[in-house]
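Have a look below at one chain only, the form predicted on its own, in structure tokens format.
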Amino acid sequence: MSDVLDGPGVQPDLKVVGTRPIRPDGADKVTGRAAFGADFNMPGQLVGKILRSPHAHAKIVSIDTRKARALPGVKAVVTGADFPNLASEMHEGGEAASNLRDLAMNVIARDKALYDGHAVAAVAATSSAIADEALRLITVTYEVLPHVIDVEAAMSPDAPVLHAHLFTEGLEVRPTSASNVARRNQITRGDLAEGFAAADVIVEGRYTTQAVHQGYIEPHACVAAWVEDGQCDVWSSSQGQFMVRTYCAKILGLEISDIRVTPAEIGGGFGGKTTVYLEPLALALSRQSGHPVKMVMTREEVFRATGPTSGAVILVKLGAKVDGTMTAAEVELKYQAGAFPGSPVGAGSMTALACYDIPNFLITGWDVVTNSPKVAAYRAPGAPIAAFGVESAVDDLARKLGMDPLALRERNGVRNGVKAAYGPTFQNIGYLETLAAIKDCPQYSLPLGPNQGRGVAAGFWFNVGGESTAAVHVNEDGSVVVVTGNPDIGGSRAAMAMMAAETLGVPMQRVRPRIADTASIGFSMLTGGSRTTFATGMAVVQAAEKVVADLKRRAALLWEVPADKVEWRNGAAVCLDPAKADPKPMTLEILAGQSARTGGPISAQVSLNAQGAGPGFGVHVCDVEIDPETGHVTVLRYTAAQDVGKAIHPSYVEGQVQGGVAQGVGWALNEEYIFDSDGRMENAGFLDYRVPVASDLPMIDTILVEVANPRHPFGAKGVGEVPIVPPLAAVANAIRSAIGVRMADLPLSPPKIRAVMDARAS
């Protein structure tokens, strides 16, 4: 079941926006013609491969590459010594700020290997077999050091320290010794002691999650070519070709203008392809060898050497009156950053209490380095982890108060005019509407059977705007090309074409969306943070509006009337001058065919820094059944309601919601990084790292609540992040309902559930 519920501000007379046309990239993908990162090849290309550390923490004493360089067919070998040493420099170009020094050292290790899988050398050879043999011939002498992966163990004063230069930021007094705690952040309001003193009921909980991977199907892949004049070309699968260009230039010490990056199709990213791993290495190998170099990760490499999201510890304390009014909240978040600082604990802190209007609270976040892969973004980075703790505690509070869990959330829910926990005042939000939608959905009133339980949870993501460029070109026959700089990971091509068609008044089939390389369109931030439909869509609409204004001017010129006597209706110019004898409207095709007489090609480009992204809210309900013999959890039913602003292409939006739920269910029930006693990952493959498959899930019902964002021409809000935020807690709350015991350590796998059930029965 999928419903679309109109809310305030939604335009009722749209002809293209809000419909469900066939996706423009669909035919290529279902026929296999779409070219992904590993599909690109160049004449004379070499095969690039990486030697990775087998140790979680080790000093690199020496690297001897002489035998590998002497092997016939080997054309290049690089180590960290072949790259410039960068100073600490923060860069804001991704989903979160990145320290370029840390980014460079993550691409290839320098003095220390900091996790199992950390790159220490790379080779380029004429065949895959020769490259593999070259890796075996490289001798690395390590001094193995003590390692630490658990976040709380890493915070201990006696933990092995990863970085001698790392001193905790955000404390009142700067520490005098290095530690693994990179930063403390705090968000507070009111008087916490007074708030808890005023409470009639208090609940407390400690919750834990493990590192989980985004699980994209397509591994990282690229081809890089460095030519004699210093110009470089990169073809890669990523969430942002401009991000790849910037990071490669910084890591290799190049001018940005010397690098052109062409985006391939992307076989999934979910935030995990918002940084670079292979591209700088491929360029360095190409520079040394004089040949193009192709690199493709294995699945094991993806797990061992690319960013999962954090494992974490979440501590929550909530206080409320007997009527359910929350008086105080204290939340502490401890997040793994992996080998370098930069966990999503900041976003986790901002989103933790964003659904609730609580007068007194304190949120503390800790960013902690560990001997595990540097974390990367994963849909609503940090928010699902925080929501797991908070929404589990809210569920326990509702039980203690004897309240319906939706009623408790409604009593304390944010609404228009309420100041968000992280600062701004909410306007044009639909949180209460999503609560009402779940309360009214058929699933919420269905009776439950034996060993079955029902859980609800809410979630939030603030969404972002940012820098985008778009161009709209009218061809000679009146067809239209829309060019943007954002890779399509969630249907953005269709959305861009639809918004352009709506603005121009032409059928969507007459509009062809294209994603350009970095030399063919102006700068655009990467595709992430649920920004593309909002920000790049705004640029597309403004460019199309410029085209419409130009078309009206051209029609006025041909009719010899003032420009203000021409109106654009349904894809044609209409003359309003009463002195004219009602001339026939001039269609886009007619005006395009006469463009040479009226000024030349019809085209417009807009670059902007979009502001005013509308925040998104979601409320989910999950029904489960527990097998008492095995502890296996079957998800019986699932409904997700979300405030989507305006669904530009409802089918794509439904798919985004369903995809987020599927990933969240896997996070809740099965997925986790497992390390052995030496810090090596034991389940680096989809056989042992188990993501949900079709048979694990029911049909996921969606309810799209449309509360328009007035800052966007069609009311759009980002939709890709919110749906992964509630599922962890919704599933956990459903299991709590089914077995009568709160389980707080994800994943809630069958052995854990069976152990709890056995303990309860004994």
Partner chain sequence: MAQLDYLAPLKVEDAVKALAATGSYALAGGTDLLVQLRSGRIRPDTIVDLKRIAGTIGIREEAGGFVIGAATPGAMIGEHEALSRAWPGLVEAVSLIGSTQVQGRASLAGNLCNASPAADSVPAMIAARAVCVVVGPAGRREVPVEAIGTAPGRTSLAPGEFVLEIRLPPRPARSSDAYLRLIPRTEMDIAVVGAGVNLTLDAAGVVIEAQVALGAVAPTALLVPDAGAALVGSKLDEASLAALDTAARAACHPISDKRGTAEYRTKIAGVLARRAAFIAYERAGARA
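Positions refer to the first chain, counted from 1. These figures come from a predicted structure and were not determined experimentally.
Beyond what is shown, the protein has a form predicted together with the partner chain; the following relates to that form.
Asks: For this chain shown on its own, do 130, 629 and 670 all sit within 4.5 Å of the partner chain in the predicted complex, going by heavy atoms?
Replies: Yes.
Asks: Would you please decide whether residue 323 lies within 4.5 angstroms of the partner chain in the predicted complex, comparing each non-hydrogen atom pair?
Replies: Close contact is absent here: in the predicted complex, residue 323 is far from the partner chain, nothing within 4.5 Å, heavy atoms only.
Asks: With the partner left out of view, is residue 18 within 4.5 angstroms of the partner chain in the predicted complex by any non-hydrogen atom?
Replies: Result no; residue 18 lies far from the partner chain in the predicted complex.
Asks: Could you confirm whether residue 688 comes within 4.5 Å of the partner chain in the predicted complex, counting heavy atoms only?
Replies: Because a heavy atom of residue 688 falls inside 4.5 Å of the partner chain in the predicted complex, the answer is yes.
Asks: Would you check, heavy atoms only and a 4.5 Å threshold, whether residue 751 touches the partner chain in the predicted complex?
Replies: Taking the distances in the predicted complex, the answer for residue 751 is yes, it comes within 4.5 Å of the partner chain.
Asks: Name the stretch, out of 400-408, 309-317, 440-448, 629-637, where some heavy atom lies within 4.5 Å of the partner chain in the predicted complex.
Replies: Heavy-atom contact with the partner occurs in 629-637.
Asks: Which of these residues, 89, 169, 191, 682, gets a heavy atom within 4.5 Å of the partner chain in the predicted complex?
Replies: It is 682 that has a heavy atom within 4.5 Å of the partner.
Asks: Pick from 415, 553, 580, 136: which has a non-hydrogen atom within 4.5 Å of the partner chain in the predicted complex?
Replies: Looking at 415, 553, 580, 136 one by one, just 136 meets the 4.5 Å heavy-atom criterion.
Asks: In the predicted complex, which residues of 522-545 put a heavy atom within 4.5 Å of the partner chain?
Replies: Result: empty, none.
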